[in-house]
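The form predicted on its own is given below as one chain in structure tokens.
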Amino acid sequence: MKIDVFFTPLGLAAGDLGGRGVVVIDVLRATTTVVTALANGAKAVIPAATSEEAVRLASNLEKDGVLLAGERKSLKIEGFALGNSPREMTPATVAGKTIVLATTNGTPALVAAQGGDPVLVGAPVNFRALTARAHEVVAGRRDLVIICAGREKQFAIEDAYTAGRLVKGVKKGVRKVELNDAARAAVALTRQFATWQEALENSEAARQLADVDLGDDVAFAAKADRFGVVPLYANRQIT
């Protein structure tokens, strides 16, 4: 078995993922938001690569049952009901709704993950449950690919740190697991920070969010194991 980490989804094609389990990580903030929405009763989340695609996808759904959500430069897209803050995904707002989500980094990474089986969505907020589910994939003698969304097509320390902790957790009790170079680097990175909070707060994304008064999203995302759900992406929707 092999665990491969990709620090961004650039260069990945659907054919690269056939027959392999996949985990998609965008800690700040898309996968944290997806996990929170589904844990709080959302019916499904549909990721869109662009805001234009989100509007098109939402137009094909029942109007009363859909919410458009997303961000550009960290801020809510004009005309959308919600931004990309997990703190917006309250039960009162999202219960029973289908959310069509478009973000700068996370939703393109999710779209790129099509072809994996299963495709799991993870972040610190569901880390224990995610690790257990990903461990089942590897223990079943299947390869695992961990796709980090990154930030503006570049390395993002918060995603890589989460990937490294996931690799360590998944490997426990499983013999003869090969790691690609990025997976080894991600594991090495886990020794640089003592806590989730430290890793996230030292990221460029955290500084950008603080600049637009969204620093509370970083604190929310850094609290591990808030939820026990592991969202599954299949047939263009996350449930």
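Please read all numbers here as calculations on a predicted model, not as lab measurements. All residue numbers refer to positions in the sequence shown, first residue = 1.
The form predicted together with a small molecule is left out here; the points below concern that form.
Asker: Name the residue from 93, 104, 114, 98 that puts a heavy atom within 4.5 Å of the small molecule in the model of the complex.
Answerer: In short, 104.
Asker: Report the residue, out of 45, 186, 35, 28, that has at least one non-hydrogen atom within 4.5 angstroms of the small molecule in the model of the complex.
Answerer: The option sitting close enough to the partner is 28.
Asker: Residues in which of 127-135, 140-148, 71-79, 164-172 have heavy atoms within 4.5 Å of the small molecule in the model of the complex?
Answerer: Flagged stretch: 71-79.
Asker: Does the small molecule come within 4.5 Å of any heavy atom of residue 209 in the model of the complex?
Answerer: It does: once the small molecule is placed as it appears in the model of the complex, residue 209 has a heavy atom within 4.5 Å of it.
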